[in-house]
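Take a look at this one chain, the form predicted on its own, written out in structure tokens.
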């Protein structure tokens, strides 16, 4: 009733017939302009601290009045582009769509409306926080719920509930339906900031657009341009792209990883094969040996084969895949998904020799003599221990010794693993959560109940593991003791483990950001359990190198340092390397490294150059 208009309201307009008109002097218009209305659409202001250069304002402008301008003074960093919108007020219609779609709320319209010049070029501005004349005006038109153009909430992924999943290794996430995938794809603003952040620079907006068009064959083509393991990355990628997604500034990031998985899982196999096989050229001449069938080795092998080179991969384990096959649990990455990716790589002609350990079954020097180039992608597959009292106890286990057993158990190769009714896991990364969540499953299967605690130096906000690992682990029953530094594995009178003693962790790094944890020794924690699993990092195995070559590689803290950006070892021109042993453990970095190395090897061998006669 309060909004109902008065019946006599129109009559009020008649009063202006007798009201004395107001004339505003010309000088007042420019020198003392009247204040604009609260919803006025005046000149723009742009807060450069908020603006990420996504360009959505430019894309939506119906008159092409906005152009993204690159600025040399801006940093070129993840999550943004060094660009800002420049506005041509000779074209601008002040419609406000640019404000409505702004992903960061940086672009606004003010009450400023006066600008005079006889030169048309003077109407081209790069607005900043204080508008176009460096004078602070009050904001006027702002977006509301009706004019909101972005879909800020992501569509839910269907998965198993904790009670359904914690007593089996069945894959948790079920994948998007077609309707949900298209709806989620429609949220993407195609700014490409995600591509810039992805280590493999995947064509993310392009393959998401393929989903929206329901053209999955085209989507596969986009995926394989930079990533030959899309089924793997569609499940377990660390998805740095999503942390950079422009929508994340005001809402929830687009589910990029799950959309990638949707393409892989839903493209008919004949269409998939047609795309992958079509990418093979017959141009290159030469033979390349690859040591290690992990992400870097497989990626290098795929792209070298597409360039026409003969490729042999030598893998010590019975199955190809490295840490993807023997480290990551089945409930996150089932065998069938990895098998699918690898099968297409073998179909294009990459030969994978499993159960063949370089340094034991074949020497590196022999590979050097038989092949034009050797690529090392041996990864960080070794376990790192913890040097505290009683850490050498028989019931203290290392993550990278334990996780391969879990994979073999899940695929039925072994029937039992010696897990106790209670266990303590030390570590705060994704691998530690893989261990803890696998223990939950093994205990549930064996005893019908579980008791797993996890100790980490980091507090909840500092944990290096993905947030979803923390939340899903808690749902499954992991008990956390965070911000705690383990000091000793405690034994009972019979010499059996009874738990881990720790101190409250006050800080992890010193002023130079060096690892130097500090503890409050008066704040003692006792975490009970009869087995201890240590997951504080992985290490490489360079036993296949002779001493002379090892020195040339400049290995420091496990990584090869004497290596160029093209992944060619300095001073050893026939040798390239990539993946964990160069970048540190991460699947997507390994894939990117393999691709970069393949391009560099092609350059090295092109036109018979450096090819053995």
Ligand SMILES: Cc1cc2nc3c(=O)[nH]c(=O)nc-3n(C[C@H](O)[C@H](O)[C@H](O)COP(=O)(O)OP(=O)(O)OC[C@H]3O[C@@H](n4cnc5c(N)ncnc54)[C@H](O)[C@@H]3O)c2cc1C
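Numbering follows the first chain given and starts at 1. Only a predicted model underlies this, so the values are computations on that prediction, with no experimental measurement involved.
If you look for the form predicted in complex with the ligand, you will not find it shown, but the lines that follow are about it.
Residue-level contacts in the predicted bound form: of 314, 409, 371, 303, one residue has a heavy atom within 4.5 Å of the ligand, and it is 314. For the options 292, 219, 228, 428, the residue carrying a heavy atom within 4.5 angstroms of the ligand in the predicted bound form is 292. Not displayed here, the ligand is kept clear of residue 131 by more than 4.5 Å at the level of heavy atoms in the predicted bound form. Using a 4.5 angstroms threshold between heavy atoms, residue 473 stays clear of the ligand in the predicted bound form. Remark: residue 43 does not count among the residues lining the ligand in the predicted bound form, judged by a heavy atom distance of 4.5 Å or less.
The ligand is not shown here, and in the predicted bound form it never comes within 4.5 Å of any heavy atom of residue 110. Contact check for 160, 177 and 182: none of the three has a heavy atom within 4.5 Å of the ligand in the predicted bound form.
Comment: 583 to 591 is the region of 24 to 32, 583 to 591, 549 to 557, 568 to 576 lying near the ligand in the predicted bound form, near meaning a non-hydrogen atom within 4.5 Å.
If you take 380 to 395 and check each residue for a heavy atom within 4.5 Å of the ligand in the predicted bound form, you get 380, 381, in sequence order.
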